[in-house]
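Next up: a single chain in structure tokens, the form predicted on its own.
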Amino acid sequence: MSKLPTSIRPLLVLAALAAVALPASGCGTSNADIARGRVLFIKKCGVCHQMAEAGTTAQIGPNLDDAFASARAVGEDRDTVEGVVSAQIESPRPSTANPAVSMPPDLVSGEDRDDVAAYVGLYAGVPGAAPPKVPGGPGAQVFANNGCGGCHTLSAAKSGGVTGPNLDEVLPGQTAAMVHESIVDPDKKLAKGYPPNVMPASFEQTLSPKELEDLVQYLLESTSGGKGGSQKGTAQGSAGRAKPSGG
């Protein structure tokens, strides 16, 4: 029998775990913060996993919708999926040094793991799951899909995150090219008082050039009355030329 491709093995492991995880049913984390779990998933897990409700498209690890679709189809509930995900985060199977086969243990822990597991348990493999729709146009949707409001305050998005800079305060006066650079290379010029390696450096990989352009324009229009609009072409050209960054 020929060996399975390494990219398929983790997917089969997750599907098998979901199929036999009946004891996990009914033991979900009732006080988990689903919204926070979504933000954490996008930041920590979405760089490797595809999941429709999170709007993530990475293919390093298993597609979580595919992994749990069969379990959903035979009636497994959110608590079952949540239990499988929590166990997989704590002790990934298979466990190797190859990130294409397994993820590191305890990527998130404690309440963070509870929130992520509860979020995935609610949405992974659910037919028709999609990111929540928000007003404000395509750029606002990109901002919401990628959990930006979980880390940043932005009045237009009604978000109050404090992990990253307050965008209402730091973006006025910036050009589209400057905002674009801060998204795709966030550690190049840090806002005062914020450490490096907090914001993912993967958005040039996970977002299309059009999504990046929409996001930049939305941020400019939301914080400076559209004064950066004349720089639109600069940002679009930069997005097409810049070297992808990992994360």
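Because the structure is predicted, anything quoted here is derived from the model rather than measured. Residue numbers here begin at 1 and follow the sequence given.
What comes next is about the form predicted together with ligand HEC, which does not appear here.
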item	value
In the predicted bound form, G55 touching ligand HEC (heavy atom, 4.5 Å)	no
Touches ligand HEC in the predicted bound form: L107 (any heavy atom, 4.5 Å)	yes
4.5 angstroms heavy atom contact with ligand HEC in the predicted bound form for T163	yes
Distance check, C148 to ligand HEC in the predicted bound form, heavy atom within 4.5 Å	yes
A140, A71, I89, A177 - the one with a heavy atom within 4.5 Å of ligand HEC in the predicted bound form	I89
Sequence-ordered list of residues in 177-197 near ligand HEC in the predicted bound form, where near means a heavy atom within 4.5 Å	V179, S182, I183, P186, D187, K189, L190, A191, Y194, P195
